[in-house]
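First, one chain by itself: the form predicted alone, in structure tokens.
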């Protein structure tokens, strides 16, 4: 059986995961797909616990996501959100759909009853036939804080959603992450994987927190499976979101080769064996190869499911070339 593990967060991670699942379904192998999801975006709001990246993956895999807005449930309404605003509760710039709130209330109730985050996500996995298993990166609360040039700091969601990353950041922090542990099943999934894929998610605020959980980066370095990453940068620009604001904060240029060097080769104590670059970045492939990472130039735009599946298939083919276990 092919056991594929993806590290993912955000809309880009969800689209890539859908593409990989579709590529696997179109193949002739039995497979098990596991997604290790970023929980650094999580927050408490109006007394309920939100997990934006977990829910984006959940709704996308279930076919329940709003593909127009890029977040939340398809066909959702906002009556409860309007009532919260009338009471002056919550954040007026952070919309919660009614169906989405149902998920948050269920999650919060289970947490209040003593369930762990892993328990909760496992329950969320069961409602729809996802064709995949979602795991949180950790059970600990390690919500991202953004430290600003003016000396203040904000929860990541306020900086990202309200201010659209317009306030200059100096540092991103996940308080307590140095004491966190990988969630149940994460290390086992990485150890048993035949293929490990790094989604084209934001390297700083989506994948950065996952890799910062003690033990996860070491598990990637020690894994028998090849680790194949996909660039979130095409022709010097971000595909979606505001990674170009985040990357300079950690001293990384907004360029496909720079992100590859940030992750670094496993042969140099990093996490990558191979890196997929867009056709627009073919000139950067030699720089990636010089860093000890096998460079592959392919189309990266995920314009529809077929394009996403083609990208997923390419990532899996590169993994085969690297020599996945059992092949």
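Residue numbers count along the first chain shown, from 1. Quick caveat: nothing in here was measured; it's all calculated off a predicted structure.
Just so it is clear, the following notes concern the form predicted in complex with another copy of the chain, a form of the same protein that is not shown.
- residue 109 within 4.5 Å of another copy of the chain in the predicted bound form, heavy atoms: Yes, residue 109 sits close enough to another copy of the chain in the predicted bound form that at least one of its heavy atoms falls within 4.5 Å.
- request: Answer yes if any heavy atom of residue 84 is within 4.5 Å of a heavy atom of another copy of the chain in the predicted bound form; otherwise answer no.
  value: Answer yes; at least one heavy atom of residue 84 falls within 4.5 Å of another copy of the chain in the predicted bound form.
| message | Quick check on residue 98: any heavy atom within 4.5 Å of another copy of the chain in the predicted bound form? | response | Yes, residue 98 is a contact residue.
| request: Using a 4.5 Å heavy atom cut-off, state whether residue 264 contacts another copy of the chain in the predicted bound form. | output: Contact check for residue 264: no, nothing within 4.5 Å of another copy of the chain in the predicted bound form.
_Heavy atoms within 4.5 Å of another copy of the chain in the predicted bound form: which stretch in 122-130, 219-227, 146-154, 169-177 meets that?_
Heavy atoms within 4.5 Å of another copy of the chain in the predicted bound form occur in 122-130.
Which listed residue (75, 248, 236, 214) meets the criterion of a heavy atom within 4.5 Å of another copy of the chain in the predicted bound form?
Contact residue from the list: 75.
(message) Within 4.5 Å, heavy atoms only, which of 295, 302, 271, 58 is in contact with another copy of the chain in the predicted bound form?
(response) None of the others qualify; the residue that does is 58.
| request: Spell it out for me: taking another copy of the chain in the predicted bound form, does every residue among 191, 193 and 325 have a heavy atom no farther than 4.5 Å from it? | output: No: no residue has a heavy atom within 4.5 Å of the partner.
Point to revise | in the predicted bound form, residues of 260-278 near another copy of the chain [heavy atom within 4.5 Å] | key: Nothing in this stretch is in contact.
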